[in-house]
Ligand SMILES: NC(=O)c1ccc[n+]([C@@H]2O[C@H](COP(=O)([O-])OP(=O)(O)OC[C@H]3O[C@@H](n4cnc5c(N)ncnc54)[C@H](O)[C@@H]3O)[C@@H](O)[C@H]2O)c1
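Form predicted on its own, single chain, as structure tokens, below.
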């Protein structure tokens, strides 16, 4: 039997506590260290976690470099704020550790490309926890999509009315930047297709309690020729959708729908030969289990950074389209980000890897082949 994966977690806030519980519940993982800028927050999080985390076996510190050197961890779970993802992941990769990070991969596509290049230099793995993929219902919708033949359109409606307070209510694009990546990433997953271009509009209803645009509509051209349309609002009280959104697929042999909370259904004028998809584990638990298995088996994993870059690029392109009023090419976003990454990269070895990419998509493919 393999030894549990030794994990150093970075971040002890609200999501950090959720990850502490997730790690404690997985017999194939063991927490060996917790890093947070506030030691009192870290110790309180450990004390509130399931039994066994506060018994002195878990190192606590504020210095990531020191903890990487002393805990004998094999992997990092990064639950820090997005602005810190690039520095934390870079440090972990070059210390010889694999990384499972909360979404988004980083704040910008340019920083994400730097991290992909860092995985190529170090040979370590970096996986983004797009946890909403880990849902048996989403896997079943993808199975229906495959069985229904060529896709014409996939639509997602997302209407919620959360009062978060704090930074989200001050962001210029709270819906597109903080939430829509979940649905954008699910669209890629369901269609088995990647984005080509997008036209988007964003706006803020007069009753909104957000400073920035809390509503958006976006239409993506996908690599299989289909269109993915997204309509969302974060200040929409009444008849709210699931946090996963409400979905409809129109395809060659029929249609499929998913309300985001219950089993999807299809209509093909008869029965389809569609297997029942296995449960991949729910959200954080599924994400961690897949990460541990992938590291142990040296197998491909969903949402490795080189693949997840395209989900973040959908967000960046949608914001650019909404702000300029023009259709935006995903490749243009990727190539501009590559230029920024080259100009701002501080490590010579990572810059050399970025320089060696014939194009961004070809460079990303080097990590996913």
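Not measured: the values here are computed from a predicted model. Residue numbers count along the first chain shown, from 1.
FYI, the form predicted together with this ligand isn't displayed, but the following is about it.
Looking at this ligand in the predicted complex, residues 75, 133 and 290 place no heavy atom within 4.5 Å of it.
Of the residues given (23, 360, 350, 12), 12 alone sits with a heavy atom within 4.5 Å of this ligand in the predicted complex.
Note on contacts: among 236, 80, 155, 97, the single residue with a heavy atom within 4.5 Å of this ligand in the predicted complex is 80. Partner contact region in the predicted complex: 99-107, out of 99-107, 266-274, 117-125, 226-234, criterion any non-hydrogen atom within 4.5 Å of this ligand. This ligand in the predicted complex is not approached by residue 188, whose heavy atoms all lie more than 4.5 angstroms from it.
Looking at residue 295, you'd find every heavy atom of it more than 4.5 angstroms from this ligand in the predicted complex. Using a 4.5 angstroms threshold between heavy atoms, residue 182 counts as touching this ligand in the predicted complex.
This ligand is not drawn, but in the predicted complex it has a heavy atom within 4.5 Å of residue 84.
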